[in-house]
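Just the one chain here, laid out as structure tokens, in the form predicted alone.
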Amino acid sequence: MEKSKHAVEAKNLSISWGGVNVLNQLNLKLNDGEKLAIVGPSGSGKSTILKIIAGLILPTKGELRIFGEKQIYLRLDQNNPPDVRLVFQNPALLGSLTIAENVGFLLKKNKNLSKKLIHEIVCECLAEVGLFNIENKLPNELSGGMQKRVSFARALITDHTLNAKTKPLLLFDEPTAGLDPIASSRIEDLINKTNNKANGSSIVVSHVLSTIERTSDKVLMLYGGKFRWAGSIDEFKKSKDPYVFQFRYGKLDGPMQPKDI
């Protein structure tokens, strides 16, 4: 079967919680190698989209395909899951495991990989994010910024004996939320470096303009459970669309109002 050109394809994707439509019949196509930003106000459902794509929750209705394969089970219930890597807003490291164990966690499932090879892969990925000689430390021995970089190193981990037919899909959930501009720039550079190293496709969820503009080719505007606008990053910068204009300039007047968000 010919490999799908779409890393992600969603048709009429919906999810409801307690009778409330959080996402309402969303349609999305992400081509292989593309970098997409999903933007919108807080609470609009951006992170929910990532959780569905990552296989952490199932949609109420609609169809989701990852690398052309229809997704009908949670990721933990799949025998040969697609190569989807989620970088959470917080580092999400396991405190009882060393940095090496956190980063190389999935590699240990492959009985064909020796401890020495796993260690070499882990150290190489840590070096890619500027971390050296910390593999035997525990997460609480590192600063918050270093823990964040460890989570990016984990996203770089690749078992070349698995999922060889597809390139990875990288998901970044609010990677620069709450950071100062300088720290944000460092993380944005790291996102780009991770994308380039993994040579896959990516989706960034963010409301930080510098992150959106520096890490993406395309933008989708989410509000009220629906995509309200789509375009290239250059079009996003120039658009007079009322949703985009209000979001970019933080205007109080516009279609997005506090009672809704």
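In this text, residue numbers run from 1 along the sequence as written. The structure displayed is predicted, hence computed values, not measured ones.
In what follows, reference is made to the form predicted in complex with a small molecule, a form of this protein that is not presented.
> From the candidate stretches 47 to 55, 25 to 33, 225 to 233, 194 to 202, select the single one in contact with the small molecule in the predicted complex, where contact means a heavy atom within 4.5 Å.
Answer to the contact question: 47 to 55.
> Within a 4.5 Å heavy atom cut-off, is T60 in contact with the small molecule in the predicted complex?
Result no; T60 lies far from the small molecule in the predicted complex.
> Tell me, yes or no, whether W17 is in contact with the small molecule in the predicted complex, where a contact means a heavy atom of each within 4.5 Å.
Heavy-atom contact with the small molecule at 4.5 Å: present for W17.
> Would P41 show up as a contact with the small molecule in the predicted complex if we use heavy atoms at 4.5 Å?
Output for P41 is yes: heavy atoms within 4.5 Å of the small molecule.
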